[in-house]
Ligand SMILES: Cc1ncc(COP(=O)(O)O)c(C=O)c1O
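Okay, so here's just one chain, in structure tokens, the form predicted alone.
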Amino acid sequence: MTLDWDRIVAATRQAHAEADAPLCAYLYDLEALAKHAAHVRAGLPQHCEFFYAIKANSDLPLLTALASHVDGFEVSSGGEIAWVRRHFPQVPLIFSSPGKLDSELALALKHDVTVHIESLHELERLGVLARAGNCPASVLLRVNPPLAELATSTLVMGGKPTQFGIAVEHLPACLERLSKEPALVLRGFHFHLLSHQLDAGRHLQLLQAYWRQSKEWCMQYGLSIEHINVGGGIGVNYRQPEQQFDWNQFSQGLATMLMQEEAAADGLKAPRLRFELGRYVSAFCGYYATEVLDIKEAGTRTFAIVHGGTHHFRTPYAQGHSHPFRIVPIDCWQRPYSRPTVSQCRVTIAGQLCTPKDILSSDVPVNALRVGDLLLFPYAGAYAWHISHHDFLRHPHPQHIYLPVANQTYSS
């Protein structure tokens, strides 16, 4: 996805001109988000579904921009169920997460949400609630099998003992329990074994393994399923932004793979593949803008202190990388004190928190940087503001600016 830097820089300069304090803001390009989601949707073969995982970013303007491009939303808490149902009463929902409360399961039943089962005990509790309320429910079993095709990424959550999903040795017990729960209907299997996948070829291999494993279980246990939920898992390359996941290669390979697998299905009804993408959908639309407050040298290093930090933008620390940024020069300077400036050096971008871990970028070469200039961090539309520890030190929250169409903005 190509970033529209000119549009974002113009909006950032406008926000800076209107601010009555040093700028700190998130900017979301909703037009770009909608176009990207439409591109993702168009690339999926006919028998695939596209859900957006709102944990990545659940802001209402983003959900509104995405609603017409997705088949539904994936939620991970009762709070997310309530949030989506308040604004989108009819959109299909799927509910994934370990440690679901009885109250959350009851809410899912009330709002006709498909539940991804994480354990035998969770299955038992949902069955009791469904029978008590005379409320049938669709379920997928999230299973955690050891697969040889599980490629290593920076975040692996399956293929080994973890808190996620049903260990494969407990699958027979879950199927036995389901056979005794008339209120629960098995619709398929859910796999989500890794995140941050950047290699399209390896991701195709993993999805093919999901398909074949599901087919094997269907034959072994006499099952007929409608869906295989393949999770999300597609990453964003923060370290080498020019080398992103090749969606076109992936979607073309997926069409070929599904055609081959369906032809070899021995007459079995082919299930639909359901994607629940989060980071790969919304990361590209977001930018974190912050103003340089101070520049100082310490030994051989130079630090720029910005208005904000990881309490607003935790992505760099969470992912363990030095986040890319662009400098937006601000030439007007009308303050009654000096303006520290550096040039042709490496600068570490630090925030305002009382911890040495409050670093956004480390030892980045800059041609020139001044107090009062702005920094724009791209790829901040997913797992950025929404995973940050907002109220540490009680600093004010950043402004949120949404750019729905060219030359129009609204904020909250």
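The first residue of the sequence shown is number 1, and the count goes up from there. All values derive from a computational prediction rather than experimental measurement.
This next part talks about the form predicted in complex with the named molecule, which is not shown.
- Stretch 188 to 196 is the answer when you ask which of 83 to 91, 208 to 216, 188 to 196, 312 to 320 has residues with heavy atoms within 4.5 Å of the named molecule in the model of the complex.
- When contacts are judged by a 4.5 Å heavy atom cut-off, Ile234 counts as touching the named molecule in the model of the complex.
- The closest non-hydrogen atom of Gly286 lies beyond 4.5 Å of the named molecule in the model of the complex.
- Under a 4.5 angstroms non-hydrogen atom cutoff, the named molecule in the model of the complex has Lys55 among its neighbouring residues.
- Within 4.5 Å of some heavy atom of the named molecule in the model of the complex lies at least one heavy atom of Tyr383.
- When contacts are defined as a non-hydrogen atom within 4.5 Å, none of Thr290, Gly308 and Asp373 contacts the named molecule in the model of the complex.
- The contact residue chosen from Val143, Leu129, Cys174, Leu277 relative to the named molecule in the model of the complex is Leu277, the criterion being a non-hydrogen atom within 4.5 angstroms.
- Contact residues in stretch 86 to 102 (any heavy atom within 4.5 Å of the named molecule, taken in the model of the complex) are limited to Ser96.
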